[in-house]
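Take a look at this one chain, the form predicted on its own, written out in structure tokens.
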């Protein structure tokens, strides 16, 4: 069993902290009058890393420049971090073609698909010269560009290099090669953690990648001190992969990998949310204005809130619901399935085709089962966060049936604001299942019959049982907040450095 991260305490000793992620905490732009303005980044990772940056006022967050004004800030922040609100940021401008190769040709179409198990292997992927070019001309240069930015930031640190061991926290699958480039530039002095926010496959799944990528990434990750995941399953898969692919010495019970004279810890830190933030959102005027749009739908409310990502398994969710209506025709008019889906990666052909398949599945269920006064599925294909939170408050059943997920924060966000003792139907392959599975109805995300039965069971569950599950779910989320997530990592950093001496 891979060791779980400690769940409390811990603080660094004043060491410079550098956070590195592809997506930054803010995006800059210009108003019509020419004034620079900015907007806060969205998403669970940005929220989580904000919690990290708040732990030290001089922490610096390095991220990609993604707008024209970001590029201007990148130039201004080369020597000194740019201060905005309570953050110090240093943006990195990449060669446009290199970034496109990294992001749109390797990280998302290949690494994301491999790590979520999305390929139909008899047909895809077909790897070749284009893959090698995306690796050598895109992924590697972008990662090296980030490493150079980290070195510049540390050289400009008020403490200066060498006075305190820097802590470098790298995040996610776009940046796997940064530990390698950092060790080349900075040696063994800095503490390096790389947090993988998506699933890590078993060794056979990892071997889908060409040898130079699968081995290159593993060797780089094993130059970090801690490689972190959201679940013990993914951490365990990583330990096994390092052992079977590279021949590294692996202690699965302790979550330790030894390779090339280094000891690397594989740890699980299940990411969470700030319950107070969502309670505040739930009470906001913007959310209250949206409540009637979901509470006035006929019957009980079956809900899903997701991106139109292949990993979310949206299509089978609708198909399972249609099967439930076939098996239980008395449920017609007694439940409405509201799906708030945010468009995702429409420039990738597989995603564009999936969005079309989703619409077709909705149309088919509605055509077969609708009545003059009732539409079985109400589909919204737009990003409307206030309406999502309003739906969180109102659902009777929440469906999270992901093929695979690193975590899935929707299950946690919804649990803390729901007012109806809503029931969670949860995929056994969602990262959240390790924490929340005992309070949910667990499903195999590929089994339509099981999904249909689970939806029906959730909709017809006795009130007393619903209340028991909902209260336990809420309590579990509140016992592991985003602050505990941060503290667990800081405590393990202290423990690792103390062990290393």
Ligand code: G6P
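Positions refer to the first chain, counted from 1. Everything numeric in this text was worked out from a predicted model, so none of it was measured.
Heads up, the form predicted in complex with the ligand isn't pictured, but that's what we're talking about next.
With the partner omitted here, the stretch from 282-290, 194-202, 179-187, 243-251 that lies within 4.5 Å of the ligand by heavy atoms in the predicted complex is 194-202. Interface residue remark: residue 429 is not counted as part of the site for the ligand in the predicted complex, having no heavy atom within 4.5 Å.
The closest heavy atom approach of residue 214 to the ligand in the predicted complex falls outside 4.5 Å. Taking the partner from the other structure, the ligand in the predicted complex has a heavy atom within 4.5 Å of a heavy atom of residue 23. A residue is said to contact a partner when one of its heavy atoms sits within 4.5 Å of a partner heavy atom; residue 78 fails this definition for the ligand in the predicted complex, lying far away. Here is the short version: of 113, 103, 259, 374, the single residue with a heavy atom within 4.5 Å of the ligand in the predicted complex is 103.
Checking 345, 137, 369, 152 against the ligand in the predicted complex, a heavy atom within 4.5 Å turns up for just one residue: 345. Of the residues in 170-185, those that come within 4.5 Å of the ligand in the predicted complex through at least one heavy atom are, in sequence order, 172, 173, 174.
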